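One chain comes next, on its own, written as structure tokens: the form predicted alone.
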Amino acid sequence: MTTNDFLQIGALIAALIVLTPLLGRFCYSILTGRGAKVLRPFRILERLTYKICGIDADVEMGWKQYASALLLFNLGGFVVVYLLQMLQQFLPLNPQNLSAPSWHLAFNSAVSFVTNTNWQAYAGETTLSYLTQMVGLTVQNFVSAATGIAAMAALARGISRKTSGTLGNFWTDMTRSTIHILLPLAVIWTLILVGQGVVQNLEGYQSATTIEGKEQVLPMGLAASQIAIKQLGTNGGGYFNSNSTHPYENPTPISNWFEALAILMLPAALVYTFGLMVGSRKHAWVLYGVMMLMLIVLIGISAYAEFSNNSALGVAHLEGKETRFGIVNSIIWSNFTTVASNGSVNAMHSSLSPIAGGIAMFNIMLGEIIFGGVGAGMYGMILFVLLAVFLAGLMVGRTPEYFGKKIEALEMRWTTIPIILPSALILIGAAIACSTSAGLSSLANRGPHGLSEILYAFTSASGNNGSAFAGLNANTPFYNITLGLCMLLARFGVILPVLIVAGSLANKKSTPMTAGSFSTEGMTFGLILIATILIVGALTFFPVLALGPIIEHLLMLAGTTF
């Protein structure tokens, strides 16, 4: 690696650190209703939304009402996206006269975008009309991200409130998150991307003659606006099939830098927002430090693997990398997109070295908690925090407490379920795929690399990430249905327990901290939290990773490739 490579990594990390408290305070002001009063044009839009939808923004909800509203809203989103796909040949803004996809692909895509996964088993430019992309997918990019922010805000209120039966109002949280946070940022990023040459129009596809005299079709569409929110909302779904490797989505080093920054900008800021909402900035910075330290270490391991020579080929790992941006930007992006539930790519993960590809997979397997998805990463991390607090309490012989709230059997039961569920979906799904002809029939590679293709697909779906290892044809009835079910269960099988825990904590009294209380604001707790995360991840996934990327790395050293 060169000095320039280190500077590129350092510039993005520094930008994240600087923006975190600034954007974090802004998000806090919006979620508490203070900043919304200042942003007058958006405040008018917010009030209009309440009026049209008949929402009373001041009515508080208990956890059951909050969860019911969240599930009902997302069910409605699924139905809309599914119908838009199945009826797109009869609807306007379809200049290419694209027909409906298969029912199982439409099911998978609708689930994917509603759950903030954005797994894509299709090529956008050849499958979906402008209307489907705009009204279906882009809208879900906003509201699925807002759903994550709302769930995070509800959990923060549950922790900070004392003997309260309410967690806020889902409709208010979602509306404010969409209108005041996501929409303004998306407008700014759209303008930046259009300025760099990202496509943004409603024209039909253009034909051009190459220097070889052959005709080439150039896809058009409203790419910039979807790319902006796909990155900011940690959605990741590409407007074009090759995602952010496509020059119409990511044409310059500047667009690449801003898109990479957007992936982690909001998830990082919401860590600080959470600290403000629970009344402890120190705790927020401990969590932030844990996430940032793990991210830097993971980038370092990936960089070491990628810049080492491929023993089988005798050269560095260049295949599948974006030559416009260099290997280091492929490394940065592969880690940014997998520690967040983003899923966009600017290089093919199947072309990463076995260790770097394994790191990308392991990032998701940890639960998407190293910053993670917008809102989702924060409430996912708090589940591990509660587990770490519980284990620390057992070690010192004290009743576990978190911000003065006792962590008892009910909280631990509903904490462990969402930690175990995605892991079970990954391993069980991959085992079924490896054991059936339907799962093996669309593999591009055999051996450990083929296992990695299957394992990555179920990891991505069950982690609500959406990136693909490539090589596996996932547009089959088997994968569309199984991965779709994994996405549904992993998203709402985590959010529902989080809201149950939030409701339980909100009802509890808060006891003052004493000298004997276990502090969650220091380095000791940070180290315990890191150990908890790694032990859970290592014990769960090391055996299957040993059969995939680890053995592939050892075979590569012996001169064998797959």
Partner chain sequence: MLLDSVLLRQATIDAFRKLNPKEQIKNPVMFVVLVGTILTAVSFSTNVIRGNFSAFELQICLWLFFTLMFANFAEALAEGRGKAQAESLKRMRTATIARRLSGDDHEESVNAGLLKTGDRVICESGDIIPGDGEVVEGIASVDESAITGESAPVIRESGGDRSAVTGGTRVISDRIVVRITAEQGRSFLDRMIGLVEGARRQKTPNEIALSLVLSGLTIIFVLAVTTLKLFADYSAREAGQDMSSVVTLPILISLLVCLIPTTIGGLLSAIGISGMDRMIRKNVIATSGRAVEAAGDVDVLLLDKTGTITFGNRMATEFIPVPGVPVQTLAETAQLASLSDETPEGRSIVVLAKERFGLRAETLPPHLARFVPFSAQTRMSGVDVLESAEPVRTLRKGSGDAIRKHIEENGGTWPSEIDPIMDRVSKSGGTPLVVAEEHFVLGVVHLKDVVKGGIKERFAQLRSMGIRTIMVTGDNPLTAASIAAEAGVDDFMAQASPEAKLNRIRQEQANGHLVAMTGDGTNDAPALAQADVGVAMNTGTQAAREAGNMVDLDSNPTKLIEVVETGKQLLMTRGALTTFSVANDVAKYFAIVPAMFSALYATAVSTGPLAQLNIMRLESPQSAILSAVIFNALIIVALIPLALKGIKYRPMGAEAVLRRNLFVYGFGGLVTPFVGIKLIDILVTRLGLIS
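Remember, predicted model here, so these are calculated numbers, not experimental data. Numbering follows the first chain given and starts at 1.
Another form, the form predicted together with the partner chain, is not on view; read the next lines as being about it.
This chain is displayed without the partner chain, yet in the predicted bound form the stretch 395-403 from 395-403, 110-118, 481-489, 147-155 comes within 4.5 Å of it by heavy atoms. Not displayed here, the partner chain is approached by S510 to within 4.5 Å at the level of heavy atoms in the predicted bound form. At the 4.5 Å threshold, heavy atoms of P477 stay clear of the partner chain in the predicted bound form, well away from it. Taking the partner from elsewhere, G238 is found to have every heavy atom lying beyond 4.5 Å of the partner chain in the predicted bound form. Shown alone here, G367 lies farther than 4.5 Å from the partner chain in the predicted bound form, counting heavy atoms only. Among the residues L105, M277, L287, A430, the one placing a heavy atom within 4.5 Å of the partner chain in the predicted bound form is A430. Listed residues S308, N473, S435, S99 were compared with the partner chain in the predicted bound form; S435 is the one with a heavy atom within 4.5 Å. Annotation for 527-552: interface residues with the partner chain in the predicted bound form are L527, I528, I535, V536, L539, T540, F542, P543, V544, A546, L547, I550, I551 [heavy atom within 4.5 Å].
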